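In structure tokens, the next block holds one chain alone, the form predicted on its own.
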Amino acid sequence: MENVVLLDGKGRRWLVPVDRGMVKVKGVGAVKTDGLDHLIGSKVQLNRRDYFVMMPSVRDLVETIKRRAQIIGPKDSPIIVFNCSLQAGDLVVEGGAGSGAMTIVLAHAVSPNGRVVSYEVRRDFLKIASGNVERGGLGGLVEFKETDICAGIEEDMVKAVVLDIPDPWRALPTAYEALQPAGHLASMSPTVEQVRQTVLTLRDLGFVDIWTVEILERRMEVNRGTRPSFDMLGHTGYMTFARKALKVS
């Protein structure tokens, strides 16, 4: 185990390396990391505060990444995995690595023997994303390519193509060619105009089972009385899904 998660009573979390001696963790302070992997599930006191030592979950990895770009977060990423029917051994192509949050989720979904190929045009994003993926222990499952996915996808018989780029409709023709028959397409867009252009292009290309959804998340406050939280995680983006149908010759 390369990392553990420190979880405090307020639900805040920190990803901490194991067996690295004394490490300074922002928000926690100096932490002796030797042997932390033997304390999974235990409560420890560090710098006069209590923490639980946990095995990192996918959510932990996503919520503790270094961010340079807006991410597809824990509210939306499971919906993409579910609707693309991803499982161990699948080949997935991602367009737009960003900070690598969705890359981590995809790699975890296809592990231990699957593969994620992530296309990203910005070198600074690639550096952040690859670092976050390596930090999450998933580097062996991911290949990053510094190129525009709209210009072509080198892989074929792909189970799913997941797009998080400003103009996803430009990548749809090459996505169609790369997908296996009945393969899945998922696209994340912040505005309805982007969704409209994407859906119209999907229809023109012959994709089927096309639909778009927005997910809103509202937690419950459970104490002596129980009520919905006043804070709601609202609009983050619209997810459009489709499946490849073979063209009639």
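Treat the numbers as computed from the prediction; the structure is a model and nothing was measured. Just count from 1 along the sequence shown to find any residue number.
The same protein also exists as the form predicted in complex with a small molecule; that form is not shown, yet it is the one meant from here on.
- A residue is said to contact a partner when one of its heavy atoms sits within 4.5 Å of a partner heavy atom; I71 meets this definition for the small molecule in the predicted complex.
- Shown alone here, P166 lies within 4.5 Å of the small molecule in the predicted complex, counting heavy atoms only.
- When contacts are judged by a 4.5 Å heavy atom cut-off, S130 does not count as touching the small molecule in the predicted complex.
- For the chain shown alone, T174 is not a contact residue for the small molecule in the predicted complex, no non-hydrogen atom being within 4.5 angstroms.
- Interface residue among L138, C150, V117, L86, judged by heavy atoms within 4.5 Å of the small molecule in the predicted complex: C150.
- The candidate stretches are 93-101, 108-116, 153-161, 175-183, and the one lying within 4.5 Å of the small molecule in the predicted complex by heavy atoms is 93-101.
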